[in-house]
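Quick heads-up: it's one chain on its own, the form predicted alone, in structure tokens.
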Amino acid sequence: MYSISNVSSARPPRTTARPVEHPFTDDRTGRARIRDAAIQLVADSGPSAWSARGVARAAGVSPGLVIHHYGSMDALRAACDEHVVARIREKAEAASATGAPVDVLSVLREDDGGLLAGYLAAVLAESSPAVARLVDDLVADAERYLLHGAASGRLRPTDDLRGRAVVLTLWSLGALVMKEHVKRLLGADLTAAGTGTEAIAAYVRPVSDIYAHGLFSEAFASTTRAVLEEESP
């Protein structure tokens, strides 16, 4: 299921960036190293660490080289967002191809040390065109996963595919933004490195129960649907 679904994890910027050893890319070009270092920096220290100097220090290059490769910090930010969305899409499609339910929170934590989840958790609370584009891309992907799931018989079809994709995406991304409270209340670390759902089982269990069994009784659901239909223009 698409159970993805900045608590301002505003930790102060690190004075010494940790070594960049990213599994994100195989080409390891200078441009890719800078992009991956920027993703790592934001995941570790939040958007407040975002600067040409900070990215350069994390990547082990000069600030001038950062601008040389990307032209501007806005262009670098767009490249980071596009790469994160592409990686999520790649992992989710691989999971979907096996017939497994797409649990994007688990997808985010697989073999990248939790960087995808950490990056998203850091930037999602920003109100900016960049974040809007990122969320729009994730919603569009969610629509495709929902269609595929309905066609395969794993998910119930809906007359409001767009609405379902938006709500499920925002619920899951909201959990990332509130990750510190998820950890405090359930003991589940949504951005911890690891594979599978063991580390976040305390979160996944109630989510799966709600998705599988629903929350409303049939009588109450019928009443709610009737009221909504009456109020629809």
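Start at 1 with the first residue shown and count on from there. Owing to the predicted nature of the structure, the values given are computational and were not obtained by experimental measurement.
The same protein also has a form predicted in complex with the DNA, omitted here; what follows describes it.
Contact annotation: Leu168 falls outside 4.5 Å of the DNA in the predicted bound form, judged by heavy atom distances. In the predicted bound form, the DNA stays beyond 4.5 Å of every heavy atom belonging to Gly187.
At the 4.5 Å threshold, heavy atoms of Ala150 stay clear of the DNA in the predicted bound form, well away from it. Among residues of the shown chain, His68 is one whose heavy atoms approach the DNA to within 4.5 Å in the predicted bound form. When you look in the predicted bound form, the only residue of Met178, Ala202, Ala192, Val61 with a non-hydrogen atom within 4.5 Å of the DNA is Val61. Shown alone, this chain has one stretch from 137-145, 154-162, 84-92, 71-79 that lies within 4.5 Å of the DNA in the predicted bound form by heavy atoms: 71-79. No residue of the trio Lys183, Pro206 and Ser208 has any heavy atom within 4.5 Å of the DNA in the predicted bound form.
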